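In structure tokens, one chain follows: the form predicted alone.
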Amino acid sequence: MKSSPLHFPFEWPAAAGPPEALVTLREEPVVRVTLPSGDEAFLVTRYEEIRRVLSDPRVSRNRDRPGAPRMTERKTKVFQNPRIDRDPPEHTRMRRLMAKAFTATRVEGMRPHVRRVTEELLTDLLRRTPPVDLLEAFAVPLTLRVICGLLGVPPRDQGRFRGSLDEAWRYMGELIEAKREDPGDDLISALIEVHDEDDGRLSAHELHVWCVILLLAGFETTATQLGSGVVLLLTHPDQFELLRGDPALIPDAVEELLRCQIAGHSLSMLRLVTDDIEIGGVTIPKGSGLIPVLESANFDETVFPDPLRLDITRVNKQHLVFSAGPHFCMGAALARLELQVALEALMRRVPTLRLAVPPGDLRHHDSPLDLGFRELPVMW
């Protein structure tokens, strides 16, 4: 292991290419890094080790213990919350209760709504004079309207919490109380009512935290992924034309775009090692910070041959962009649905879509927890 730690997260270049550090990162199974907070942690770099770590009970999501490493100097209600146990068995109880309301049937039932919103937004987009910011005109309003529709957020309120975690926290508390008094056919109302003889109910605080997570992750990360996926296709015209000519490839293309462009740095995957653990012949001491680097796993050449090549016909689709194990992303099915519907509609209705600026002019946000583009100007 290198003697001097690297700085993490790595800086992603313009457009949608991976950081140079990811190309050689897997030469060592464990890499020591310094986080934005100034604390040190260990990166796990290889696919198989990362999969094991994601299910290892000695690797904890609870980082509120004294001396635990921090991602950044500032704590957030979502990522660090001492009243929410993010480890089994309590986390398992919460997941089971969530799953009773957030079902595959509920998600799939949203497909017609997602299609309607997509078509409306593209109709508005095509009325504008290019160049147009695809994020503001399409990706963000699509994912925002979809997650708000799922949760039961009234259309009039959908602009209240964008860009403000504190406002999202306040608003969601108000909405939950309103749904207790007047429930509807939405996920929040279902979560309030869900009950299990063994697991009981979600507490008021648990419900509040989960709804905020679903709200923010449900539109910001999916919008980021959609924008990044479009950039990948537009900078790989052979893949763009292949997909445009064969819409049946949409599901495969979505998986490959997910593999190639994670919607956020793995900094948010920071864990705490609760007992000594050996990874790839390296012992990680108890009390250390550990990050399973999902973007590194998704470029592991032993799992994905020629990993830097975008290939929408790739056979192996077992990427880890939604994590794995007990913390697998609950919104994965909804994200896939939105990406599939959005890409199909873009290919069909805007076949001449192209970037309005050179790829090198695209810039990511400065936040270490946000990999999204600041804007995405396009023409057609």
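In this text the structure is predicted, and so the values were computed from the model without any measurement. For every residue, the number given is its place in the sequence shown, counted from 1.
The same protein also has a form predicted in complex with a small molecule, omitted here; what follows describes it.
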(request) Decide if the three candidate residues 249, 253 and 308 all line the small molecule in the predicted complex, where lining means a heavy atom within 4.5 Å. (result) no
(message) Can you work out whether residue 227 and the small molecule are in contact in the predicted complex, taking contact to mean some heavy atom pair no more than 4.5 Å apart?
(response) no
(message) in the predicted complex, does residue 102 come within 4.5 Å of the small molecule, counting heavy atoms only?
(response) yes
(request) Please run the contact check for residue 106 against the small molecule in the predicted complex: heavy atoms, 4.5 angstroms, yes or no? (result) no
(request) Would you please decide whether residue 35 lies within 4.5 angstroms of the small molecule in the predicted complex, comparing each non-hydrogen atom pair? (result) no
(request) Taking 4.5 Å between heavy atoms as the contact cutoff, choose which of 135, 214, 279, 84 touches the small molecule in the predicted complex. (result) 214
(request) Sort through 205, 180, 91, 286 and report the residue having a heavy atom within 4.5 Å of the small molecule in the predicted complex. (result) 91
(message) Among the candidate stretches 25-33, 39-47, 345-353, 325-333, which one is within 4.5 Å of the small molecule in the predicted complex when only heavy atoms are counted?
(response) 325-333
